[in-house]
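Single chain ahead, by itself, as structure tokens, in the form predicted alone.
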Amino acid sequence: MNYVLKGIMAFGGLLLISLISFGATAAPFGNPDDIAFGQKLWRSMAQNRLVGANTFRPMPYETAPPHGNIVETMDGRIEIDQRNAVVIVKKNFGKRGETTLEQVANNPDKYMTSITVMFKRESGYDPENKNWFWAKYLPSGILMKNPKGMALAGRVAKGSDKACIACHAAAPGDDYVYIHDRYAQ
């Protein structure tokens, strides 16, 4: 065996040991635990009439991107795994310039494109981002995926300068919530 090949093998071994010793970090979202929690979250929201066939219908309003042309927003508390916590549900409708408030008010199911959710997890879940769990669903309750095929559940796009966490970090009140400051600490 030549010296170059021995050097490459030694470096590979050191890299493997380093990853094992320090723990290779998993993706911050879309892993099996996030998907399972996202499914529990959907069931609890449906039981509390925040999504699904028997959902409450708040007044829709126009908004800026990225949530769609028109949204309905609800927040409150729900229980998951014997833990009661805050949930914010945003139903997203239509395409900008193509959908009107009247259309959404008269036939919301026809124009709904997605449902985005923030759920306050336990202390220590993601302290840098106020312990919010993020999820994006199709209206049917199936978790949506990003272009790389990762389920949009968990610490969605953590560390990125785009998407859920990056946008909501700029919300007034230092609580990641735009609609009010009730959850500011």
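In this text, all values refer to a predicted model and were calculated from it rather than measured experimentally. Residue indices: 1-based, along the sequence shown.
If you look for the form predicted in complex with a small molecule, you will not find it shown, but the lines that follow are about it.
- Proximity of residue 66 to the small molecule in the predicted bound form falls within the 4.5 Å heavy atom cutoff.
- A residue is said to contact a partner when one of its heavy atoms sits within 4.5 Å of a partner heavy atom; residue 135 meets this definition for the small molecule in the predicted bound form.
- Looking at residue 61, you'd find a heavy atom of it within 4.5 angstroms of the small molecule in the predicted bound form.
- The shortest heavy atom separation between residue 88 and the small molecule in the predicted bound form is within 4.5 Å.
- Against the small molecule in the predicted bound form, the set 36, 43 and 51 makes no contact: no member has a heavy atom within 4.5 Å.
- Annotated contact segment (heavy atom within 4.5 Å of the small molecule in the predicted bound form): 135 to 143, selected among 135 to 143, 43 to 51, 28 to 36, 121 to 129.
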